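Listed next as structure tokens is one chain, alone, in the form predicted alone.
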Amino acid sequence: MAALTIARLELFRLFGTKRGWIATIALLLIWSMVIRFVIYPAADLISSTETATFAGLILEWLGLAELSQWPSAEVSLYWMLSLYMLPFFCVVMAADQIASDKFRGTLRYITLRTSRTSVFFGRFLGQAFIQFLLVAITLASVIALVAWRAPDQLSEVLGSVPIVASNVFIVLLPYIALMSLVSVVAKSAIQAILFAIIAWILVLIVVAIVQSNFGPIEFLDWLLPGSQVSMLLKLSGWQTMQLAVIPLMQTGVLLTLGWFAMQRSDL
């Protein structure tokens, strides 16, 4: 129960503060520009009878022919863009789970009333719900675009919503867990983001060295969050859920490391 209370407070930190609203509005403005200047014209290009064949050949050449299996061009483009853009939004929004409270000393007072475990997992759950809202809002904007441009496709598009939303949300979970971990050892949100970037690069280098010296080791390919995205783009429909185990395992490992760091951390 304590973790759920802290999760609700995480929502208040976003929607009940000026800084939270500024960050939210900034991200929504960025996404509105993506809708207007990327998804809208690209969907026109893909859907046009004059260019549809050429666009299909390009997708096939890139190994992304499955994108054409989604019910509309708008959903296909959202599927591709969200898998790359929303993790960036996620890292920025989830960076300050523990860091600022720890640096100011307020975390010490919070843990007098509840356990470190409740604080750690409560903040993670709060951020997970925030990211779910982000997925819901961005996907709703695409549905609204479809309703305006091609209302005859709306029922089919609505049928794909659970598939797309659940997949994108699962992809975001390890990024939230990663920021939970680095936020424990960082002193600010910016430092947490820098730590995440450094950790990402170091793991990438180590994996490359190991793979080059000892041959391909399959499980090393799945160490980094988002490592399955290139494979996801080659699938459609409920087939995409067959890769869900990868981000869920990454989330479990990162949360375990973060929880351990939280227990050992000097508050």
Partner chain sequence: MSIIESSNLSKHYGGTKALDKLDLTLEAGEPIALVGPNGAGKTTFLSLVCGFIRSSGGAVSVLGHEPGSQALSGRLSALPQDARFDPTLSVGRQLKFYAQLQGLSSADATKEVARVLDVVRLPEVINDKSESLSHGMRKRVALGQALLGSPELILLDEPTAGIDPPNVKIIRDLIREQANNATFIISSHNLDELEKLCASVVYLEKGKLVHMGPIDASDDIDYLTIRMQAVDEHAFVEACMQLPGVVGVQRQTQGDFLIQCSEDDAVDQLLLAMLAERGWSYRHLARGRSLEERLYG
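Just so you know, these numbers come straight off a predicted model, no measurement behind them. Residue numbers count along the first chain shown, from 1.
Just so it is clear, the following notes concern the form predicted together with the partner chain, a form of the same protein that is not shown.
K.L.:
Taking the shortest heavy atom distance, is residue 188 within 4.5 Å of the partner chain in the predicted bound form?
P.N.:
Contact with the partner chain, no.
K.L.:
Heavy atoms within 4.5 Å of the partner chain in the predicted bound form: does residue 153 have any?
P.N.:
Looking in the predicted bound form, residue contacts with the partner chain do not include residue 153, since no heavy atom lies within 4.5 Å.
K.L.:
So in the predicted bound form, does residue 105 come within 4.5 Å of the partner chain, heavy atom to heavy atom?
P.N.:
Although the partner chain is absent here, residue 105 would touch it in the predicted bound form, with heavy atoms inside 4.5 Å.
K.L.:
Within 4.5 Å, heavy atoms only: does residue 141 come near the partner chain in the predicted bound form?
P.N.:
Close contact is absent here: in the predicted bound form, residue 141 is far from the partner chain, nothing within 4.5 Å, heavy atoms only.
K.L.:
Under a 4.5 angstroms heavy atom criterion, identify the one residue in 9, 23, 253, 244 near the partner chain in the predicted bound form.
P.N.:
For this set of options, the contacting one is 9.
K.L.:
Given the stretches 170-178, 143-151, 87-95, 110-118, which is the single one in contact with the partner chain in the predicted bound form, using a heavy atom cutoff of 4.5 Å?
P.N.:
After filtering at 4.5 Å, what remains is 110-118.
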